[in-house]
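Presented below, as structure tokens, is a lone chain in the form predicted on its own.
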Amino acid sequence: MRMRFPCATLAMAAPSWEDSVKSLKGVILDMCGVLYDAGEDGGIPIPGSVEAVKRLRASHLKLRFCTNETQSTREKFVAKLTKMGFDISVSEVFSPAPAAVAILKERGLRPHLLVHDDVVPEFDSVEKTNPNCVVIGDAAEKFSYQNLNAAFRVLIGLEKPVLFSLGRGKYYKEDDGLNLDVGVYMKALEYACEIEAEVIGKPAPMFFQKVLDDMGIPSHEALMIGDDLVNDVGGAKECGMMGVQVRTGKYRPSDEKHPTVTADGYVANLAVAVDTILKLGGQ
């Protein structure tokens, strides 16, 4: 039976992430923007990232992957990364859709889905007739006026509207530039229906806690590495973890001057982060 170590907000200034490396027991990696850059052809690995994952796996550290990817099932997502050369198994990947399915079943909810076609199979086991809630994910081209309005009509017609959002990102990077993410459309429905969405995925503390529970370590012994300052780093720090931002993916120079979220460290890419972890950790 795994021990559970609740997330805890740090009450005072923490040492630098390099100083804490020796006490690390586990590393959690974001995926898009850290391992690879997305694109129409499935994306390409960020230089050095495939080898960095191999080096982490060969170390004493526990390794998990935490993503807000909602454009495919975990199985298809992992298969894509395997073709790129990454050594990753489905059981190591934590994504919002399976977590949403568990919540829907637990609460007896029937969703109206506004999600990408490729992630719909994740919800096959859930009853969807006469919906009493809405689940919104990164639907990409399906974010049309008609589809967003259909979701609005479901919500506005409920006595107690319930909206689940699979993440709340503002944008993400593909090889042709930045694209709007689910959080933008989530905010539109929140505004129209005067409700607050329940976020499933990063930066929600319970999402990070599920990963920590699976690793069997307390938050102060885990490090999150991501390209999204607010959802990756900020969410991890709220949970008591250290958070390092890579200068790849959606990273912007302005992130290092963010008014409310400060990473414990900034590194050029995942390969540099892993070099630091293994060198200072005596690997």
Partner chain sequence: MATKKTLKVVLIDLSGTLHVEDSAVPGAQEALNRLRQASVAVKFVTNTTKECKRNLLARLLSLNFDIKEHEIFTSLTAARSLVEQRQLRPLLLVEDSALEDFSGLEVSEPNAVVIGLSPDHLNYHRMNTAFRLLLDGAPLIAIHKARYYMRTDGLALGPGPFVTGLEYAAGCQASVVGKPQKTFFLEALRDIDCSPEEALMIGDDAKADIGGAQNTGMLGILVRTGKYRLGDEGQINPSPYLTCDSFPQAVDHIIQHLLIHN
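What you see is a predicted model, and the numbers here were worked out from it, not measured in a lab. Positions refer to the first chain, counted from 1.
Separately, the form predicted in complex with the partner chain exists; it is not shown, and the next lines address it.
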Heavy atom distance at most 4.5 Å to the partner chain in the predicted bound form, all of Leu148, Leu180 and Lys187: yes
Touches the partner chain in the predicted bound form: Cys193 (any heavy atom, 4.5 Å): yes
Exercise: Tyr172 in contact with the partner chain in the predicted bound form, heavy atom 4.5 Å: yes
Heavy atom of Lys105 within 4.5 Å of the partner chain in the predicted bound form: no
Distance check, Asp124 to the partner chain in the predicted bound form, heavy atom within 4.5 Å: no
Which of 82-90, 209-217, 140-148, 116-124 lines the interface with the partner chain in the predicted bound form (heavy atom within 4.5 Å): 140-148
